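Next up: just one chain, as structure tokens, the form predicted alone.
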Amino acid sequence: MDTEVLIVGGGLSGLYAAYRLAQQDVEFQLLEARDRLGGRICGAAYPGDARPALYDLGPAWVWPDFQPRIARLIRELDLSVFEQFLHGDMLHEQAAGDLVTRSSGPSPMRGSYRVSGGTQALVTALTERLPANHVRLSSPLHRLRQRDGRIEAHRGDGSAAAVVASRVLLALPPRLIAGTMAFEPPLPEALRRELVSAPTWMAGHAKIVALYDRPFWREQGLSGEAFSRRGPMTEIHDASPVHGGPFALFGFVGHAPGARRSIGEAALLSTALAQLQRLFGAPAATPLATFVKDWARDPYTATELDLAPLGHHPEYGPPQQAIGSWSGQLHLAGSEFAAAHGGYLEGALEAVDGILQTLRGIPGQGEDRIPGR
């Protein structure tokens, strides 16, 4: 199959690139290794609920006040946002004993917004605007080869090229590019080392979501926000839909990936529910449903290098090392390559915008804001 632009990766970066290219009638093919689109955007649905996945197992927040690209995209896709629920007191759990205190101070989550319908709504809306025959799932690629001025993309089984393109946009985390793909000719060694040194954002995280038939924490005058030194969840928030239920709490697990593997998912979930009961009372012990997503176990997100926990937000940005003979044909477009918002949803759009400016017919990005903000 021949195309002008091959997009490798169907997360937000890849879908957004495809959406912009489709607007300008640029021929493309998007190949995604998973059996679903979205990448690190991943939602869960209450069993039996006819609505789409509302509960975010990956990124959940946007900050329209300083993220103009995601604000514009939400508007373009006819989506909306709502403010993170913060009404009521926060809870603080100490490292030892059963001491839990309440506080009514300002939340560190002020200014945080969520997408109505979950961040999965972004994936759905973008996908609906793409020609179906230009998107292929369950299509992992393992080798890119330059030949006769074009790029052949091959699967790992050594079969004939799946796609031949003039340019390739790799919408993948840097470490996956360095660790799972072969290049002929090879990428410059300095660039490969740079890719390996860039931690994959969110790869070491795990999230737990618990659904309930009523928001009992709100009935207690609590926001659902809690911070714990005891764990297993270190940070907990209200994850309920904007309207109706099931209502939800979610938490970030504080244990490192290796410790989570040793504990096991069942035991981890049991201790997490015990923690929710300590914080919010007996109703928290019997959720309608629970979801656990350990991103460190996702081979299309994390590598072995990502199992070490991050102590701070890494310094991300466009590659500093030369791309060598691949210049002008190979483009690196994951969120980690964004100069200002690396790792965030905004960064996924920012990285792509920088690349699309070098391609033909791509509209510029303005400083638009979500209507009503």
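Computed from a prediction, not measured in an experiment: that's the story for all the values here. All residue numbers refer to positions in the sequence shown, first residue = 1.
The same protein has a further form, the form predicted together with a small molecule, not shown here; the description that follows concerns it.
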Taking 28, 150 and 356 as a possible spot, do all three reach the small molecule in the predicted complex with a heavy atom inside 4.5 Å? no
Among the candidate residues 139, 228, 107, 84, which is the single one with a non-hydrogen atom no more than 4.5 Å from the small molecule in the predicted complex? 139
Please run the contact check for residue 300 against the small molecule in the predicted complex: heavy atoms, 4.5 angstroms, yes or no? yes
Is there any non-hydrogen atom of residue 326 lying within 4.5 Å of the small molecule in the predicted complex? no
Does any heavy atom of residue 46 come within 4.5 Å of a heavy atom of the small molecule in the predicted complex? no
So, residue 17 and the small molecule: in the predicted complex, are they within 4.5 Å at any heavy atom pair? no
Looking at 317 to 325, 47 to 55, 304 to 312, 32 to 40, which lies within 4.5 angstroms of the small molecule in the predicted complex, counting heavy atoms? 32 to 40
